[in-house]
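Okay, here we've got a single chain as structure tokens, the form predicted on its own, with questions on binding and movement later.
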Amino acid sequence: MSAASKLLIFGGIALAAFGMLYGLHYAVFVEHQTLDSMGGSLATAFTNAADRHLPEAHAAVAAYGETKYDYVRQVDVHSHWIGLAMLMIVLGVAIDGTAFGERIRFWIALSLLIGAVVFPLGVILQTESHGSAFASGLAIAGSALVIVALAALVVGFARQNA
């Protein structure tokens, strides 16, 4: 087993475990309160709209939107970490079948691991400060690393089969 293969498999296992633990923490300690807040905001918005208190209804809908923004990103983060981890494990088994040398395979594996950690991390940081250029840039950079690493693997597999 090559260093690139070990990095992807063991990095994928660690990332999957982290993603599952993060998801468990969110589900146990945060999710129910978040869902209650979303439901309460919608109920308040409908009640205020029915009573023709439009500014209060708009404020309640805005509060719902903010909470929903955070909720979607929190759920996406742990599922992206786990999904990318599973992909890394599968690619760890197959990476030695590419046409690249060991050093190139290792750099591709490292790029994939870093991107798989950084992309969801940037997404979760967006919940801390909405519209943060740093958080968005981190998410974009991480996803770009994943895309470049996967494209390189496609080239490596295609060259091996040619």
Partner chain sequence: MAVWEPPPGPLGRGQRGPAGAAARVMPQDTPANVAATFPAMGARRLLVFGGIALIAGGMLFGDIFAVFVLHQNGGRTGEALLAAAHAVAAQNPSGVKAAFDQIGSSLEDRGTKIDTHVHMTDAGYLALLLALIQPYVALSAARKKFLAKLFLLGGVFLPVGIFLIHYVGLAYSPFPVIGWASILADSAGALLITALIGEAWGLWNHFRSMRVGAVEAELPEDRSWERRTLLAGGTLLVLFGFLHGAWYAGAMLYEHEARETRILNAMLDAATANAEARPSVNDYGALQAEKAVNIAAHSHLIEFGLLAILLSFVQPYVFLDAEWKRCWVNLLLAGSVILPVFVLLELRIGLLAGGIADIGGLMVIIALVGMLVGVLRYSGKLDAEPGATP
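Residue numbers count along the first chain shown, from 1. Worth saying up front: this structure is predicted, and the values here are computed from it rather than measured.
There is another form of the same protein, the form predicted in complex with the partner chain; it is not shown, and what comes next is about it.
Heavy atoms of no residue among F18, L121 and L125 are located within 4.5 Å of the partner chain in the predicted bound form. Looking at V77, you'd find every heavy atom of it more than 4.5 angstroms from the partner chain in the predicted bound form.
Taking the partner from elsewhere, T47 is found to have a heavy atom lying within 4.5 Å of the partner chain in the predicted bound form. Looking at G101, you'd find every heavy atom of it more than 4.5 angstroms from the partner chain in the predicted bound form. Proximity of G97 to the partner chain in the predicted bound form falls within the 4.5 Å heavy atom cutoff. For the partner-free chain shown, H80, L84, M86, L87, I89, V90, L91, V93, A94 of 80-94 come within 4.5 angstroms of the partner chain in the predicted bound form, judged by any non-hydrogen atom.
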